[in-house]
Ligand code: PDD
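What follows is one chain in structure tokens, specifically the form predicted alone.
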């Protein structure tokens, strides 16, 4: 297993990868990115991720390289890394310039692709579930840094996960919106199961439109599983019969403990297991 980086138009070893200290991604978090996982040796939903990357860049006025150039860089870097399964991070920064907050001060988009081993949750985590903690850090207001933009300005999420790890050793932090309703995890979307119905916060709560989230919604609707996008509170999360989180590198991962209290009987529930199996079947079939 290995790590490879595509930067400056070339694939190189990680220790050879260099970027200017004046790059706005480094100085200000003035960048957007996507994380894509492979499943059964193939990139999963690459097209969907690139659409979201372009959408994020458009919302912050960042020029995007031609999609074919990005696809080529990804393919070259994945091939060079040669991992059985890979995690791919595509980063677009506004580039290097003078120390000036004005985004118009520079227009030199830098494309960076980092490929490293997938690092998916262990089989035991899928079998027994993980713990999450509702933290005091709130999700960014859409009027500030829009959570729908997957940007390199990630301190909100960093602080949330740090709180969850320090407080209870939880695997994932769950952030709430300003109105107190559950929003999403620091690196995931959150789902609960109540009365056999799958529920997840809607986009209007102020969350990232997760690619895996959308695939799970599709799976549920196509397979007769009741599903609804709706607001719910932390107490609803704690009282749910089942809970799971989703992300590009995890798929659907069961949660069996919220704030140190067991979810249901403390084991992944039947709806969660059904969703996991259906998602695995989708991944096995492949999504371009």
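Worth saying up front: this structure is predicted, and the values here are computed from it rather than measured. Residue numbers count along the first chain shown, from 1.
What follows is about the form predicted together with N-(5'-phosphopyridoxyl)-D-alanine, which we do not show.
K.L.:
Do residue 31 and N-(5'-phosphopyridoxyl)-D-alanine share at least one heavy atom pair within 4.5 Å in the predicted bound form?
P.N.:
No, residue 31 sits far enough from N-(5'-phosphopyridoxyl)-D-alanine in the predicted bound form that none of its heavy atoms falls within 4.5 Å.
K.L.:
Looking at the partner-bound form in the predicted bound form, is residue 77 within 4.5 Å of N-(5'-phosphopyridoxyl)-D-alanine by any heavy atom?
P.N.:
No, residue 77 stays farther than 4.5 Å from N-(5'-phosphopyridoxyl)-D-alanine in the predicted bound form.
K.L.:
Quick check on residue 257: any heavy atom within 4.5 Å of N-(5'-phosphopyridoxyl)-D-alanine in the predicted bound form?
P.N.:
No, residue 257 is distant from the partner.
K.L.:
Could you confirm whether residue 199 comes within 4.5 Å of N-(5'-phosphopyridoxyl)-D-alanine in the predicted bound form, counting heavy atoms only?
P.N.:
Contact with N-(5'-phosphopyridoxyl)-D-alanine, no.
K.L.:
Given that N-(5'-phosphopyridoxyl)-D-alanine is left out here, which of 181, 187, 131, 156 has a heavy atom within 4.5 Å of it in the predicted bound form?
P.N.:
When N-(5'-phosphopyridoxyl)-D-alanine is considered in the predicted bound form, the option within 4.5 Å is 187.
K.L.:
At 4.5 Å between heavy atoms, only one of the stretches 204-212, 69-77, 113-121, 161-169 reaches N-(5'-phosphopyridoxyl)-D-alanine in the predicted bound form; which one is it?
P.N.:
Comparing against N-(5'-phosphopyridoxyl)-D-alanine in the predicted bound form, the contact stretch is 204-212.
K.L.:
Quick one: name the residues from 214-249 with any non-hydrogen atom within 4.5 angstroms of N-(5'-phosphopyridoxyl)-D-alanine in the predicted bound form.
P.N.:
Residues within 4.5 Å: 246, 247, 248, 249.
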